[in-house]
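To begin, one chain is listed below as structure tokens, in the form predicted on its own.
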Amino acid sequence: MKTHPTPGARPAHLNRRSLLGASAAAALTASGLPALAQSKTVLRISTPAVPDDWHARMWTVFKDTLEKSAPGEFDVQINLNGALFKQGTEPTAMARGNLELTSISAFDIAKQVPEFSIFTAGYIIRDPAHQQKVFNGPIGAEMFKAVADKMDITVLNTCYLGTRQLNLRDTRSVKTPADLKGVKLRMPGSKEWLFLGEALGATATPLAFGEVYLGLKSGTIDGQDNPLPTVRAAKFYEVTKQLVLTGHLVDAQFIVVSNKLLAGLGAAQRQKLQAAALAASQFNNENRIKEESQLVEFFKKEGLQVSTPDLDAFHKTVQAAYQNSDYAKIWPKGLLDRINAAK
């Protein structure tokens, strides 16, 4: 008599295949081959940078470098345009374990590490080379330790954001800060930025970045300050007539990683992460500096008057304003002298 399989039951030969398949899968998983994707460490990156910005492109360099040095170990997820977290909210996201990597400004750090506000002051850092000397030496090590202790993040490297220059709606003779009296100079809205604008001799006027172009065109503001690549990218040269090369703030972005992530990595992985951040920073710095060096001629061809003021007068006036302010009271004793002496 023929026997018929119980409805819903699997034939014995299929069960054997399933068992063999499961055993093989288990063996491969144990060897780490097909389970590699599952075991990857996720690195979520958030940045407000737009795709064409060097500060956006550097994250691709970071990802590529890490994939070469640690193939299959990390799942690097790059989120541009502030799509994942808005600018300034990244430190909170990292503290909550919702973000692994980002780049933040000295202004962001100073909110939680007050002594870091020294790097938001005008004429503290002289140029990109001085910036690297300061942050890659003993001063940087000390300040970054305070960041790690107070913010639970680690600075992996320092990126050059650009040197901020004055960009005026109308031409005028600007030799010293006194020549900017009455000039409505747009600045970001925080108290640190507004203090810098006043220290430069102008009337600091808070205005959202997205409103600057129209503000210059309509005369709501008389000028704005930004690195030259930003002046070109935002087309501010279309509604201004002069660039004053004050070089009042050599700005930085710091590539930072969550300490929660670092705690779960081995020493070799940490070194690879550090090396990838260095590669990204060097890529950014080289291209940013090269672009800036070419832009003065670009703006001259666009019809802007380009002038250089008495930089010594600006330097002395602005640093005096800071040294006589409440900001200087929280700066570690002797730190300004050490920064000035770094060569």
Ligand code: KDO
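For clarity, a rigid core is taken as the largest C-alpha set superposing within 1.5 Å between two forms. Source: prediction; values computed, not measured. Residues carry their position along the shown sequence, with the first being 1.
Missing here is the form predicted in complex with the named molecule; even so, the following discussion is about that form.
The named molecule is not shown here, but in the predicted bound form it comes within 4.5 Å of a heavy atom of residue 188. A residue is said to contact a partner when one of its heavy atoms sits within 4.5 Å of a partner heavy atom; residue 309 fails this definition for the named molecule in the predicted bound form, lying far away. In the predicted bound form, the named molecule sits beyond 4.5 Å of every heavy atom of residue 285.
Heavy atoms of residue 168 never reach within 4.5 Å of the named molecule in the predicted bound form, leaving it off the interface. For the options 230, 79, 203, 220, the residue carrying a heavy atom within 4.5 angstroms of the named molecule in the predicted bound form is 230. Contact annotation: of the candidates 112, 242, 89, 105, the single residue with a non-hydrogen atom within 4.5 angstroms of the named molecule in the predicted bound form is 105. Residues 69, 270 and 273 are none of them found to lie within 4.5 Å of the named molecule in the predicted bound form, as judged by heavy atom distances. Partner proximity in the predicted bound form, defined as non-hydrogen atoms within 4.5 angstroms of the named molecule, places exactly one of 276-284, 45-53, 296-304, 313-321 at the interface: 45-53.
For the partner-free chain shown, just 164 of 162-176 comes within 4.5 angstroms of the named molecule in the predicted bound form, judged by any non-hydrogen atom.
In a rigid-core overlay of the protein, residue 77 has its C-alpha displaced by under 2 Å between this form and the one not shown.
Once both forms are fitted on their rigid core, the CA atom of residue 232 lies 2 Å or more apart between this form and the one not shown. Core-superposed comparison between this form and the one not shown: the C-alpha position of residue 112 differs by less than 2 Å.
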